[in-house]
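Here you get one chain, nothing else, as structure tokens; it is the form predicted on its own.
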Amino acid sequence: MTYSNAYTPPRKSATFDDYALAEIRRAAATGIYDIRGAGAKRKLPHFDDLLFLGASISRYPLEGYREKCETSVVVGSRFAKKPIHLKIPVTIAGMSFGALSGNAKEALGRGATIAGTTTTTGDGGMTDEERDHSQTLVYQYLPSRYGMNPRDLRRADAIEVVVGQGAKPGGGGMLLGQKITDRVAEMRTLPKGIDQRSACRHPDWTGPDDLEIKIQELREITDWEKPIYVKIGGSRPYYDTALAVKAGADVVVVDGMQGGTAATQDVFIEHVGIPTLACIRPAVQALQELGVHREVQLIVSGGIRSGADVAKALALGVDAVAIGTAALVALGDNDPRWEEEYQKLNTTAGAYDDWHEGKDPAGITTQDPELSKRIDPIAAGRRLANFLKVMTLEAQTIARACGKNHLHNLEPEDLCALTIEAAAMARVPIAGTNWFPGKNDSQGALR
């Protein structure tokens, strides 16, 4: 038998795939690491790996046209004199003026206001436009302290002390010089046109005892009116949640590694942190063991895209979620109508992640005045409000199918998992069984 005419096709390495090879060549040619935004792109266990168990005989569904399913949530009622009343359990995550254009920030405020929820400032301070068009505005207090001042702390409706972010827990962000315009420079007290790197930790405290003191200071500055959030990047959610609660937080925000960022190292985005799905049950367990679940609200962010994601997060014990990337897409980012211009940037709609370069054709992640004009904050705000409405309706539809008259009545028992990984992270059974990994280990499997 002869094989002289047989053809063996080339076989590429699964380890050294085309992307890995291209990255090696790029690093060898430039001597610098890659910086980008948009969060982790690798496939991770996520909410898609969970399914709801709708009602039939053993459970009784609600009639969607006649029976209500409530969506409201009160946030920050533990210590604050003026807790926040949300109409929906979906909020807008912190994204800075600087990373985003002024029109984009205004649109976020408008959309959140129409929907009856909050938006968040991000690094670099508060703009008047954002404050004026946000009925309820959360002020981020970050390690950089860029733009921080007592007046804006008092003008806010809540304060979020940012310890970490899901895309880069333990690391700081970047804002390149081309986005440091006169106004951004003035707000951040920085030189115009010079690259800015945000600090990875707060300069005046190094642990939970210092965090408790800082929270007390913020309460005194704001006369104990404002809810105090503490935001942590997903890495050790059980212990970090417990320490945030003991430090006096009203709300804990946990951001998983699918969370986006304007700019940080690609190696950070893809290889540091844990998936959003893996963050929830340890954080909930910490709250339950301290006896404050639902008293201290838990907000989770990182890759939330739909009402199904919202419902699944709430079923696992979350009080509300925050969206960032999805909100920008709703405003018009990565829109195919700008495909020709994305192609000129050597990318494509849906893959554009060079937000730090300030060349966004959609006018959202830029400080270029001509590009910024492309986003109408009124129209974009309406699109965001529409998206938030649809997310809420989707979550309500699922809740009714499970027989629940409030989204917060969803519970882990309403879920099953499609994969071993998702079952272990969410601590719900594999579909068709009553088993999940670590079922007999009520402690170590979560932490």
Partner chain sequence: MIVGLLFISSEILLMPTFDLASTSLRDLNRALHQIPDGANDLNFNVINPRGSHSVAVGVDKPIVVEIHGSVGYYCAGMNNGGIVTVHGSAGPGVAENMMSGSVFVEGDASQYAGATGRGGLLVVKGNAASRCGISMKGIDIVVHGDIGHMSAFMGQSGNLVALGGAGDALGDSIYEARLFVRGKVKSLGSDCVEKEMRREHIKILSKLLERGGVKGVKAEEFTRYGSARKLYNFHIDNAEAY
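Please read all numbers here as calculations on a predicted model, not as lab measurements. Residue numbers count along the first chain shown, from 1.
Not pictured, yet referred to below: the form predicted in complex with the partner chain.
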| property | result |
| --- | --- |
| One residue of Val267, Ala351, Val74, Ile213 in contact with the partner chain, assessed in the predicted complex (non-hydrogen atom, 4.5 angstroms) | Ile213 |
| Heavy atom within 4.5 Å of the partner chain in the predicted complex - residue from Ile114, Leu153, Leu290, Leu345 | Leu153 |
| Contact stretch among 241-249, 366-374, 312-320, 142-150 - heavy atom within 4.5 Å of the partner chain in the predicted complex | 142-150 |
| Any non-hydrogen atom of Glu217 within 4.5 angstroms of the partner chain in the predicted complex | yes |
| Non-hydrogen atom contact Trp338 with the partner chain in the predicted complex at 4.5 angstroms | no |
| Contact of Arg188 with the partner chain in the predicted complex (heavy atom, 4.5 Å) | yes |
| Any non-hydrogen atom of Ile32 within 4.5 angstroms of the partner chain in the predicted complex | yes |
| Interface residues of 309-347 toward the partner chain, as seen in the predicted complex [heavy atoms, 4.5 Å] | none |
